[in-house]
Structures are given as structure tokens and as C-alpha cells.
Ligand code: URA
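A lone chain, given as C-alpha cells: the form predicted on its own.
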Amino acid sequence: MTPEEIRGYLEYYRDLGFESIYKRAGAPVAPAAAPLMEAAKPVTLAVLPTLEPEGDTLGKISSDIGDCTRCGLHRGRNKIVFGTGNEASRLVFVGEGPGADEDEQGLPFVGRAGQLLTQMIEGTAAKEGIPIKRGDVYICNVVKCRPPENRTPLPEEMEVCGQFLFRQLMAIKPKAVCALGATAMKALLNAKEGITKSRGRWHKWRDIPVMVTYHPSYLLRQYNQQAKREAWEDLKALLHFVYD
């Protein structure tokens, strides 16, 4: 059982009204559950985990990440890429992970894909008469360190960083989230179907509406003209939902 499955199982009991659980001495604990429970005593009390610590802020989350060494991605990174934009935004964009430019600058979506994302946000908003710029939204990634050779993050890497992404979203409490690409979609929705079936439709993450669309890096490929048109339609629906 993965840590996320255990977290979901325990949060089910929290929703039922239980605030703690007890473990008898000598009872086995799955390795994945160990980080979620205190060291065993004759009877152990473990406070159930929460994705929304009381009084949480982006500053507190960034401080908790610190000089993170929780997974192997830290070995090759230059800078942690936490997030950027309006911390009170009604709209959050979630991508996959930093690339080379992002790793160098410590900011998300500043390379070619980031420039396209800026054009998508500002161009669509201008055409639709919605007075926003890139700086009016918040942008972050599933993982905060660059994967080697820009590979897809591994499940355990997404699991480690996912707790901070979820806290970011709960601290901001946006009206909607845009999941950019398959990795962000899987992290937020645990979706099994492909992105071509999921995009353009509304989903939910903890009661927050989520629109899935293509990652800008995918749209940069020359043969993806149809995907570009679909992504612009997705973004148009998203902006009207949030700002109308």
C-alpha cells in the first residue's frame, strides 16, 4: 500500500469523525505507513494526517520544503522551483516539473513552454475581453526539482512532492485549477484514461474544479496544430468559468 493510499484510508476515518488511531504494541506497520505514525509504545496514539494544516500559507509550505532531500531529484538540481504568481489567485496552473531554464532561475515555466503558456493565457484573455495577465494567476509544478534529462517524474517522486502541491492548492483555495499535461492530471485526479479523453472536461480535486489540457511543451511540436486549437478552447472555457 502506497503512502497516498494509506493517507486516503486514514482521512476516510477523519471524515467519519475520528481524530486519532491506536496501535497495539508489537503490531506490524507497513513500511509506507511508518512516516504517518509515531514510534510505537505499549499503546501508540497517531494523529491522523491532513492535507490542510491549520493556518497554512505558501511561505510556511516553502519553509517546510527547505533544502529538500526527500527524494533522489535533489541530487541533480540547481534550484528548487516552488511556484510563482498571485498568491490570492482564483486560478492555478499545475505543470509537470522544472526544465533546464526553470532549474537555473528557480521559477516555473520560463523556458519555451513557459513563453507559450504566457501567450496562451494573455492572448486568450485579451480575445475574450478578460483583463488578466500571467502575473494574475498562480503557476506551480507537481515536482519542485528538475528530473534528469527532463524525464517524467517517478511515482515516488510525485508522491513526495505531491503533499506540498496539495498544500499549495489548499492554501490558495482557487476557484479552479488547470492541469497541464498527463503528469499533472495523474497527480491531481489519479486518472487512468489518457489525456486526449480527459482534456476539455471538468473534473474535481477536493471539491475544486479541474480543467485538463495539454502541456505547452507538447503544443510546441509542429504536427500538433489540432491539439493547439483544442488547448485554446480549453483555456477559453477555463477563463470564462473563473472570471465571468
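None of these values were measured; they are calculated from a predicted model. One-based numbering along the sequence shown.
Below, we refer to the form predicted together with the ligand, which is not included among the displayed structures.
Among residues of the shown chain, Gly85 is not one whose heavy atoms approach the ligand to within 4.5 Å in the predicted complex. With a 4.5 Å cutoff on heavy atoms, Phe109 counts as touching the ligand in the predicted complex.
Shown alone here, Lys186 lies farther than 4.5 Å from the ligand in the predicted complex, counting heavy atoms only. Gly162 falls outside the set of residues with a heavy atom inside 4.5 Å of the ligand in the predicted complex.
Of the stretches 165-173, 124-132, 98-106, 70-78, only 98-106 has residues with a heavy atom within 4.5 Å of the ligand in the predicted complex. Residues of 123-142 that come within 4.5 Å of the ligand in the predicted complex, judged by any heavy atom, reduce to Asn141 alone.
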